[in-house]
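Below, in structure tokens: the form predicted alone, a single chain.
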Amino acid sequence: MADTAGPTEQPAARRRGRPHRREASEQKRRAIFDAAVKVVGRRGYAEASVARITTQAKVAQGTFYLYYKSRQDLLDQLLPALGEEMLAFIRERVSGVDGLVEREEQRLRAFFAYIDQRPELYRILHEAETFAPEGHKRHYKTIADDYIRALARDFRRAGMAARSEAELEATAYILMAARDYLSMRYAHWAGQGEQLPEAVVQTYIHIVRGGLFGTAG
């Protein structure tokens, strides 16, 4: 009698192997991405060649093109992907925090905690306008849109008067600008991240409480 187990088991074995292949593929893609973050963070966009990135990632140069169409394709994706990662990190830190001002304080602290983990963000962000302008614009829009939605929810929860869309957008960009300059002074220049001086946090909150957030608690 012919053995019929092989034909039925072989597809099942292939199916069992697919998650492992997908996992291995994702690990390689992630290794290339993380290598690009390191290379751009240290050397800048201009020096971030495919050869340097793949050497850092410990993969063959040909592997790079399985995941990215070109060097520019990866560079355009770099900042927006880091932005999404940062937003997820901040949301997790803010989750469960009550109070309009308290949530904004936690966002600031979470932002500095994130750049302590990803110190390369500063250079990637500030060179992107020249070397990856589409990614730069997409990043800022994503961050601002998320901030606007978060502020609108926080104002509602606090029972504050509704802000217009224009007011919320302006507020979001003002807060984003504040973070940018504070990160330059207290992270990039000082080599600090999560250890943001407490006096800086309190000054930030004083301005937010008395100005941007009106008379919020």
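All figures in this text were calculated on a predicted structure; none of them were measured in a lab. Just count from 1 along the sequence shown to find any residue number.
Beyond what is shown, the protein has a form predicted together with a further copy of the same chain; the following relates to that form.
Looking at E84, E129, D116, D146, which is the one with a non-hydrogen atom within 4.5 Å of a further copy of the same chain in the model of the complex?
The option sitting close enough to the partner is E129.
Just to confirm, with a 4.5 Å cut-off on non-hydrogen atoms, which of A152, A158, I174, V50 contacts a further copy of the same chain in the model of the complex?
Result of the distance check: I174.
In the model of the complex, does R163 come within 4.5 Å of a further copy of the same chain, counting heavy atoms only?
R163: contacts a further copy of the same chain in the model of the complex.
Hey, in the model of the complex, does Y122 get a heavy atom within 4.5 angstroms of a further copy of the same chain?
Close contact exists here: in the model of the complex, Y122 approaches a further copy of the same chain to within 4.5 Å, heavy atoms only.
Would A199 count as touching a further copy of the same chain in the model of the complex under a 4.5 Å heavy atom rule?
Yes - in the model of the complex, heavy atoms of A199 and a further copy of the same chain come within 4.5 Å of each other.
Decide whether R30 counts as a contact residue for a further copy of the same chain in the model of the complex under a heavy atom distance cut-off of 4.5 Å.
R30: no, not in contact with a further copy of the same chain in the model of the complex.
Based on heavy atom distances of at most 4.5 Å to a further copy of the same chain in the model of the complex, which listed stretch, 135 to 143, 71 to 79, 97 to 105, 84 to 92, is the contact stretch?
It is 135 to 143 that comes within 4.5 Å of the partner.
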